[in-house]
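Okay, so here's just one chain, in structure tokens, the form predicted alone.
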């Protein structure tokens, strides 16, 4: 099979496009022909060596945290999938990932692909949707009528978070660049604050929840706009000093997990048309280096970069 692999930590140029042996499914696993894989910020941060302590991996490795495809073979005791099934799947940073033509997966790391979206959207749904769902539903527990501020609303996670909060009946405010203002409104944001023109801490007050995907100095500013007793949830943010106690608010980290119940809840809402995953651009598998470079330089917004893999087969 064709795959992307790297054998040492470093810049995007360590990514190699090469031929590798086809994986063989274990007894309870399915072998999936990967159609699309999403490229997430964690992919390049792991590849660069920044997250070695958090995700100790064995090199060489194949990057990629999620994807979508079709089952082409099953293990001898695999009773949960059959050849031809369309599947969405997750992989862990510490194992061989999704930037490959083939991947083997156990049932608990998969869900059926919603029929109303394509394979690219299905890949974009997985990790981004899980992060948004865990942040707002499982950690913050957003409810109807709450005021919710979502930072970085034009990103893959932020865009789905806007939709989740809007569907929950929240009054949704988001920050983004001025060029993305109409885009985030189209996702359901009631109010938009362009961070390159305005200071959000001067524009919004008495928020029940802030979903912080930025960190750094945005942390204290976010604490200031929360009501007393409000909740700040952060995820993969720049380092910050937690001053939430000083402002009488709660600061919680959204702990990302891969529990299948969360995946199913997410997919159900996509199937119902409540949520729509966003794809920013699509590149062939051999251009994974370009995708990583774009992410490192902050050149991506409006959804996930997707690697098209089925065309390689």
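Positions refer to the first chain, counted from 1. Predicted model only: the values in this text are computed from it and were never measured.
Quick note: we don't show the form predicted in complex with a small molecule, though the next part is all about it.
- Although the partner is absent from this view, residue 167 stays clear of the small molecule in the predicted complex, with no non-hydrogen atom inside 4.5 angstroms.
- Contact annotation for residue 236: at least one heavy atom lies within 4.5 Å of the small molecule in the predicted complex.
- Among residues of the shown chain, residue 209 is not one whose heavy atoms approach the small molecule to within 4.5 Å in the predicted complex.
- With a 4.5 Å cutoff on heavy atoms, residue 175 counts as touching the small molecule in the predicted complex.
- Annotated contacts: 155, 195 and 301 all touch the small molecule in the predicted complex [non-hydrogen atom within 4.5 angstroms].
- Here the chain stands by itself, but in the predicted complex one stretch of 137-145, 67-75, 123-131, 221-229, 123-131, has heavy atoms within 4.5 Å of the small molecule.
- Scanning 110, 180, 91, 163 against the small molecule in the predicted complex with a 4.5 Å heavy atom cut-off leaves one residue, 180.
- Of the listed positions (87, 187, 204, 214), a single one reaches within 4.5 angstroms of the small molecule by any non-hydrogen atom in the predicted complex, namely 214.
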